[in-house]
Every structure is written in C-alpha cells, then in structure tokens.
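To begin, one chain is listed below as structure tokens, in the form predicted on its own.
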Amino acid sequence: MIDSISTEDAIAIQVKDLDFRWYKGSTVLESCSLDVPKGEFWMLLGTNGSGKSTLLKLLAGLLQPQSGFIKPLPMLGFVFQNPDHQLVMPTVGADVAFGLAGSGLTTVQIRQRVDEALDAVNLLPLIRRPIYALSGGQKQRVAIAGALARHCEVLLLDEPTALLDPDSQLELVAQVQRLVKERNLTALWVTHRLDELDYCDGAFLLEKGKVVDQGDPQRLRQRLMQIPM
C-alpha cells in the first residue's frame, strides 16, 4: 500500500481512458491515457487534429470529457499559443499582478511575488513596459511569470513558440526547462518542432486521440521524422 501511494504521489499529471467528442461531432480523444512525473518536462506531439490542444484544455478544466479520469491538478498555469489571448493589463507588472487579485495578499506581498516571478523569466527590468511594446517571446514570458507569481506547480503550454522567430523559440523552451528543474515544476508542452525535443525529459505521441508511443524524446524524434507534421 505504501509503494502504491508513493508512486501515485510521484505523478503530477495523470489521465486514464479519456474520451472526448464535440457535441454532434467527431471523436477527438478516445481511451487516451498518460502520466507525467512530478518535476519533469514532457512534450506532447502529433499531427494536426490528433487532439493535443483539446487534451490540454481538458487538463485545465476548460472542457469536460464524456468519460475517463483526470487526476485533480494542483495550481496550474496555462500558456496559450498566442499570448495576446491572455494578457489583459496595460503593463508587464500589472498583468502579472492581475492573477493575484483576490488572493488575500497584501500590496507588499503582491509586489514581492511580481518581482520574483519577473526576475525568474529575466523581465524584471521591463516591469513598467507596456504590453504592446513587447516582442512575442517576451509576451510568452510574461504569461509564464503570471503562473509563477501564483505559485503554480504545473505548466500547460499549447505550442507557445508557434508565433515566435527561431531564436526566440529556443530561448523560451530553454527557459521553461530551467524553471522546471530549478523550481521543481511539472510541464506539459505541445509542439510540432523536433528541435524542441532536445530540452524535454520525455514525450508522448498522439495519433487519432490516443497515445500510441511515449518515452525517450530522441527515439520519438526519429519516428516523427517519418510522419508528415
């Protein structure tokens, strides 16, 4: 019994036999199962329409499955493909602080959390900069800082580099890898980019709504090179 409990506690994200279909529409996920260990950075791969983004939205509670099990998640942060869809305040500092509204923290405590979170993503010098003046990569880091300020334990990232230039893409994925290791976070990152597999601990391959392979990122890279993405 002790072993089973400790094993369960070591899993941060757990999905079992998940089914999801749109109302009067096609099936998106069917008997989908995966486990992401605590403190690790995993990636979710697959062709367009394989169900990757839908799975992340189910994990975040933005959608509800028809059947299956999702382990209740601790505090989580969701980073969208387009950061303009989630940054709502006029300046960097105000946007990070926005997620702490209603938290019961004092003004001093909120400022401390904002400063710490922005420092973690190397944006503290830009705390007063308008959001519109940021690059795409900087906007994504503001979204991540918002999750860090709320002390999120799990990060869900839906193709966060899709709209970035090549240098910013690798900078962002390297930064998330560093944060996962330094802060003992757990991250699940949706991607189409094979070079990003160099930064993760493991990966899942989704096909037609099912996990058909998982494990070593470099082995999956070889398999993916044979699949039109």
Partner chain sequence: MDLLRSLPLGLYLEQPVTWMHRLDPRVKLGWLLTFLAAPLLANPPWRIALVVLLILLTLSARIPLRVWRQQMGWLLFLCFLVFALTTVLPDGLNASHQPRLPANELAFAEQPNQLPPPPPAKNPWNPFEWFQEKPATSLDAGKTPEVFPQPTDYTYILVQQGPITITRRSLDLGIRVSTLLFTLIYSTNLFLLTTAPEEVTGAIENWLSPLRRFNVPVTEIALTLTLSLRFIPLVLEEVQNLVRSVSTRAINWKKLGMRRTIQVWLMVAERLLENLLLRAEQIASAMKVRGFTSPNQHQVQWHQFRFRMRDWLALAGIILLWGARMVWGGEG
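Numbering follows the first chain given and starts at 1. This one's a predicted model, so the numbers in the text were calculated from it and none came from an experiment.
Keep in mind that the form predicted together with the partner chain is missing from the display, and what follows is about it.
Next on the checklist: Whether V114 contacts the partner chain in the predicted complex should be assessed with a 4.5 Å heavy atom distance threshold; does it?
Outcome noted: Judged by the heavy-atom cut-off of 4.5 Å, V114 is in contact with the partner chain in the predicted complex.
Checklist entry - Would D158 show up as a contact with the partner chain in the predicted complex if we use heavy atoms at 4.5 Å? => result Output for D158 is no: heavy atoms all beyond 4.5 Å of the partner chain.
Item to check | Contact flag, E153 vs the partner chain in the predicted complex, heavy atom cut 4.5 Å | outcome: E153 lies outside the contact set for the partner chain.
Next on the checklist: I'd like to know if Q86 sits close to the partner chain in the predicted complex, meaning any non-hydrogen atom pair within 4.5 angstroms.
Outcome noted: Yes.
Checklist entry - Within 4.5 Å of the partner chain in the predicted complex, do we find a heavy atom from each of G93, L105 and R128? => result Spot residues vs the partner chain: full contact, yes.
Next on the checklist: Can you tell me which of 171-179, 28-36, 55-63, 41-49 lies within 4.5 Å of the partner chain in the predicted complex, counting heavy atoms only?
Outcome noted: It is the stretch 55-63.
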